[in-house]
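Presented as structure tokens, the chain that follows is alone, the form predicted on its own.
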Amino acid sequence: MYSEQTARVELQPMVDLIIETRDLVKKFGKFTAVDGLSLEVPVGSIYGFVGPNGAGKTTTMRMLTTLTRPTSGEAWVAGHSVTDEPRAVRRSIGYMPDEFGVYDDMRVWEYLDFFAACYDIPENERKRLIVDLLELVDLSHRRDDMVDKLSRGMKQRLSLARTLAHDPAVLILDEPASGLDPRARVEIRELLVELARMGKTIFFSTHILADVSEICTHIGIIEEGQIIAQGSMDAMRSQMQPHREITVTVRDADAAEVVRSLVTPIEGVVSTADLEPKGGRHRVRIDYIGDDDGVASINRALTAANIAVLGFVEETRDLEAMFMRVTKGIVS
């Protein structure tokens, strides 16, 4: 477990980062899977590691979990170097790969008991631990079932339970919702949120943007082995949409001109522009920097001027739009 008294190397990660990489590179022959990757994952965050298939997500996770040695660069998990202190890293993490593995001849409780024993947890403690873990992932009623009889969603919850056997500070999960039906995906998301409330840092890869949008506090977008954007969800949305966009719909061009002249002097209005008419109605876009009260005041100003407003909508960009905007393949 991480301690502030742990000996430091010169390139020491920041105290408030539980995962950090600097210029991380992994090459397989002439192919570069990860190319100068620098990650910053804050303590206690739910960090969504997002990218298309083949972007380098799994390779990065294998380096963070000490399963693959970096070609160059540095990485730390819970204050420990993945290259110099691999045992300490493994004690600090719970890793769930994207495949369950072959343990079909075990009962559910035996599966958890096996992994707990691998972490040298005493036998007299393992019984209570298994009860607690099964309760946490809502599998108590399946404790005596054979693992191969579980649904994929249940197997994912069981796999998540075994990552918690040694009470790690960080959970590194590779595509935890992959292949699940909508209900099972919701259950996994709720479980990750609950684990974060318990003080765990969650770092998981995905290409399902809905999973990130629903629960993540931070996001990193990777493409072709490089991080092209990362930060808190709020900061990323602000970066992609630095001002608010309000669309006002009116009957004709004259009314649109009145709208523009009326709102332009209002403090916080950056610009106005006519949009393409839609359904014979004219639309004006207002770029505004301000809070909700300011948006309401713009609406009131139009009403006070007796303008027949047919629509007043603030446009928002969801995570999918943000992802499409910053990924190289769609921008080019």
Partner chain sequence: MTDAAIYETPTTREVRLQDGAGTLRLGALVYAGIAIVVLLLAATAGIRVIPNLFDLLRGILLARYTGAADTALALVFLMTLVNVSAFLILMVGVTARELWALPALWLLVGLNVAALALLGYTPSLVAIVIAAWAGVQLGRDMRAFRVNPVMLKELRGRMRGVRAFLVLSVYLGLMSSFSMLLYLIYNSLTRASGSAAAGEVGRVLFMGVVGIELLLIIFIAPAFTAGAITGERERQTYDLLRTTLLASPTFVIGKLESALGYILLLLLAGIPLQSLAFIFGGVSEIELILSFVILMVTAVALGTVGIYFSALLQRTLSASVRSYTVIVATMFIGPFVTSIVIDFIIRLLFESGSPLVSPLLETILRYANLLVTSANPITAALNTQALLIERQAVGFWSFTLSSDGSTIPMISPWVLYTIIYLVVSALLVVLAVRRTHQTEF
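Numbering follows the first chain given and starts at 1. Just so you know, these numbers come straight off a predicted model, no measurement behind them.
Omitted from view is the form predicted together with its partner chain, to which the following refers.
Site annotation in the predicted bound form: the residue of 65, 272, 45, 59 reaching within 4.5 Å of its partner chain with a heavy atom is 65. With the partner omitted here, the residue from 260, 189, 155, 162 that has a non-hydrogen atom within 4.5 angstroms of its partner chain in the predicted bound form is 162. None of 178 to 186, 221 to 229, 249 to 257, 92 to 100 except one has non-hydrogen atoms within 4.5 angstroms of its partner chain in the predicted bound form; the exception is 92 to 100. Although the partner is absent from the chain shown here, 26, 107 and 120 each have a heavy atom within 4.5 Å of its partner chain in the predicted bound form.
Contact check for residue 146: a non-hydrogen atom falls within 4.5 Å of its partner chain in the predicted bound form. Although the partner is absent here, residue 78 lies within 4.5 Å of its partner chain in the predicted bound form, judged by heavy atoms.
Although the partner is absent here, residue 128 is not a contact residue: none of its heavy atoms lies within 4.5 angstroms of its partner chain in the predicted bound form. When its partner chain is considered in the predicted bound form, residue 169 lines it closely, a heavy atom lying within 4.5 Å.
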